[in-house]
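Next up: just one chain, as structure tokens, the form predicted on its own.
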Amino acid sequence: MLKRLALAGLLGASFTFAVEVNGAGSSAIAPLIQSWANEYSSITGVQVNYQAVGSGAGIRMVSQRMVDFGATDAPLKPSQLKRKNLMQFPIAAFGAVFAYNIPGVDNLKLSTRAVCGIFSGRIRYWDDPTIKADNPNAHLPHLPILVVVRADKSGTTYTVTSYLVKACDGQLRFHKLSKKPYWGIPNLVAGKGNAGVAAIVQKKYGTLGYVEYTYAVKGNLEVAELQNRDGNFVKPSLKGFQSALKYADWGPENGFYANLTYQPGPDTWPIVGATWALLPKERKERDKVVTAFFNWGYTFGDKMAEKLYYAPLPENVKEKVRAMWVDYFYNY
């Protein structure tokens, strides 16, 4: 109770310290932060500006104190947080999907075997027998599969490679999750940000690209059903994203790190990630303004998040984050 009162006091007083907050990083979380920011500004007058420059750039910019907060889908390790003097906490979870553009083909199913075949370079055409086996009624053309990846250091890539490393078990050219791996496959093209990948898929036949789900919905892109860890074909859904959250062990001792990909469950979507905020620890007054914004999002932004297909954090995780804020502001 004392911590909740302390939190209410410090957040309530924070608006006098600044009227503008600047953040940068993950493009996956950008629609949610920008949606929250618009509503928050109309209520409080605090302007939250956010640049969707990618997780790698977000980490660099907050590390160099160019912005008030960074956002990354690839969380920093405790040793990195200590070295950079940063605080880290999760914002929300999201699903990454494989969007595709094949004329006349909808409801495409991609088995784990097919996905691993594509990303290992063994499957190069859309009419490959492995793909046809799960899509017997689809008119799959003898068209090269053009894989669309991220050109920048990307947290979405980090999430997708986490899934691929687990699901494909040694079949790929890379063997660990990465923000910018060496893909080592033919027929590859890169786009900047989630928006850039979505734009390429939208315009070019034969493409298969990974994007945060909101970008696929906004771009009216076809999205493949995937086989999850339990072997079931599932469509991307908020329920499927939320199902992965219950397997996370969130806590401040490791910077609230959680790996949410390829988790069990009959309806669980296999490619689920989260986005973490990064704040400079030496800027307490600015941090009060930033955490007030995220606390508002935790408190009032869940419906907005769900409307945009983001999975809000469980309430017990939000409470752990709030307790960390109070400890930082009063005891650090």
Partner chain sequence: MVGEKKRHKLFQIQDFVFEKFLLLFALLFVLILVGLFLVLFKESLYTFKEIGFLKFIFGTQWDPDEDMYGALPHIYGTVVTTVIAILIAAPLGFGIAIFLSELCPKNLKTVIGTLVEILAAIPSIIYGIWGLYVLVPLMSAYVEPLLHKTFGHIPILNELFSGQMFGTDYFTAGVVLAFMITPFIASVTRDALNIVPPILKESAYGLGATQSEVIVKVMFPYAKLAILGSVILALGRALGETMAVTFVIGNFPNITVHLFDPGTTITSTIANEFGEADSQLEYSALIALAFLLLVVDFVVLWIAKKVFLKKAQKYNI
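Worth saying up front: this structure is predicted, and the values here are computed from it rather than measured. Rigid core (definition): largest C-alpha set, two forms, superposition within 1.5 Å. Numbering follows the first chain given and starts at 1.
Keep in mind the form predicted in complex with its partner chain is missing from the figure; the text below concerns it.
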90, 121, 181, 206 - the one with a heavy atom within 4.5 Å of its partner chain in the model of the complex: 181
In the model of the complex, the one of 105, 81, 143, 190 near its partner chain [non-hydrogen atom within 4.5 angstroms]: 190
In the model of the complex, segment of 105-113, 239-247, 144-152, 226-234 with a heavy atom within 4.5 Å of its partner chain: 144-152
Heavy atom of residue 56 within 4.5 Å of its partner chain in the model of the complex: yes
Exercise: residue 217 in contact with its partner chain in the model of the complex, heavy atom 4.5 Å: no
Any non-hydrogen atom of residue 258 within 4.5 angstroms of its partner chain in the model of the complex: no
Residue 139, heavy atom within 4.5 angstroms of its partner chain in the model of the complex: no
All of 60, 176 and 196 within 4.5 Å of its partner chain in the model of the complex, heavy atom check: yes
Rigid core superposition, residue 24 Cα moves 2 angstroms or more between this form and the one not shown: yes
Core-superposed C-alpha of residue 63 shifting 2 Å or more between this form and the one not shown: yes
